[in-house]
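In structure tokens, the next block holds one chain alone, the form predicted on its own.
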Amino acid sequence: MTDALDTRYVAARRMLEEAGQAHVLYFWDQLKDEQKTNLLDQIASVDWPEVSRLVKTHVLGKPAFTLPGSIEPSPYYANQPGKGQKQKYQKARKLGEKLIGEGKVAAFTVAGGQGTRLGWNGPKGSYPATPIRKLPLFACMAEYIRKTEQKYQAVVPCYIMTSPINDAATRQFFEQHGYFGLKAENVMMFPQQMMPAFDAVTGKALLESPDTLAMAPNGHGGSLKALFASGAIADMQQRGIEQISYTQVDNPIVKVVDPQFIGLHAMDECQMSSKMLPKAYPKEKLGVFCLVDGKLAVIEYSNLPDDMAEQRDAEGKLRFIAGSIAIHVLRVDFVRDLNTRPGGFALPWNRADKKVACFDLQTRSMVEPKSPNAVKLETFVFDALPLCDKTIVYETDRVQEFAPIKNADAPGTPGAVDCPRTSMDGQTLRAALWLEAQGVKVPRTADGRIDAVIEISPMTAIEADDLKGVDLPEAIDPGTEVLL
């Protein structure tokens, strides 16, 4: 062993012993120098004093959710302006367009996942998502940004948070496809931080192999820390960026940069704002925007009591209707301040009980658990909302902006949601509505479904009005595929 490795080993062992995790070095004497370096690098990436605290509070202990004393439904801006709001919405739209046109808005996409749940071998962002071209999710995002740049004659820098699991593959994917028409100098990628998975009974960090910890991403809340630690915030400040449009990669029709939303957020001088989707039914699996002791917060659907989830107003609408769908706008200086405040960056940690394959120290073999055996710890981006002085919630439309791909198709399974089939059906429906608004006759079945497959490239239109002036067919034949 070299002197450098020996020095690093001594320091790592001291850190691990203080945290009660010295077993991580159990196979040290059997490792080659390259494996030792790999393990030491992983150990160095973990905040072990923080781990020691979290094992006590969140692994060996299980934090119980306590219902706050005061919970009220969150107010929100309706998707379309109500009485007396039209002028404000118009001014907000113009402000959003002005900020984009002046190069003050960046796109930020969270893309740390693999396509495993979809049966896809690669980064989730490389999954073919559109109904005709089978355009990858990353390309949907890139074409949206390119169209935005064309419309507003401005640069919209793109920041992509990967994970150590898919970072190299994501970079390679973009390089192979020429960054999907984006300029490479305007695309910045960086991995989020990882956290060890812990044995649910002993609190010991699990090993994936003799020289590798079983690591998991630290949750989408880690994106706000990664933005700062990676230098992305410094890059934004150097470019004069003021607002960050935050989306996740799994939604091919998300408005990557939405001038209406950005304008309302900026007009109200907010630090972080959120889009909401009206819940379709009381126990839909969406967190709910609420006012908790006067501060905006998200309460997970599983923590909102049934009697509250089912409450309705005088018009019969759900009172707690504002579902969280992980679309936000954040001020650059707010993210900077979160990371430089006294005491350091701090969002609350959350416990998730999971099945994690691990390497058993005694049998020296892999264990594939059949039930949850481990605890993963993660932070949530929406937990930054209570730290804001000002924040708004803006309603979006399910058909116009929400067709995520989260689960694999389940043929023959009624009610399968958020899978490639439902997403592509949703993309066709939105395209049909846009075409019908321009007078195109779209074929429908007796029950109202679209009797065709339609795909509109973001390079053609990213909102319905972009189709004005486009050479469109008078009608679409039943059963055909149409790409515009």
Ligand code: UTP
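Quantities reported herein were computed from a predicted structural model and do not represent experimental measurements. In case it trips you up, residue 1 is the first one in the sequence shown, and so on. Think of the rigid core as the biggest set of C-alphas that the two forms share within 1.5 Å after superposition.
The discussion below concerns the form predicted in complex with this ligand, not included here.
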> Within 4.5 Å of this ligand in the predicted bound form: all of 58, 200 and 204, by heavy atom?
Replying inline: no
> So which of 168-176, 245-253, 284-292, 87-95 is the stretch with heavy atoms within 4.5 Å of this ligand in the predicted bound form?
Replying inline: 245-253
> Which one of 296, 107, 299, 111 is close to this ligand in the predicted bound form, taking close to mean a heavy atom within 4.5 Å?
Replying inline: 111
> Which listed residue (148, 260, 218, 130) meets the criterion of a heavy atom within 4.5 Å of this ligand in the predicted bound form?
Replying inline: 218
>> Although the partner isn't part of this model, could you tell me whether residue 116 comes within 4.5 Å of this ligand in the predicted bound form, counting any heavy atom of the residue?
In response: yes
> Heavy atom to heavy atom, is residue 354 within 4.5 Å of this ligand in the predicted bound form?
Replying inline: yes
>> I'd like to know if residue 330 sits close to this ligand in the predicted bound form, meaning any non-hydrogen atom pair within 4.5 angstroms.
In response: no
>> Even though the partner isn't displayed, in the predicted bound form is residue 161 close enough to this ligand, meaning a heavy atom within 4.5 Å?
In response: yes
>> Using a 4.5 Å heavy atom cutoff, which residues in 179-211 contact this ligand in the predicted bound form? It's fine if the answer is none.
In response: 192
>> After a rigid core superposition, would you say the CA of residue 353 moves by 2 angstroms or more between this form and the one not shown, or not?
In response: yes
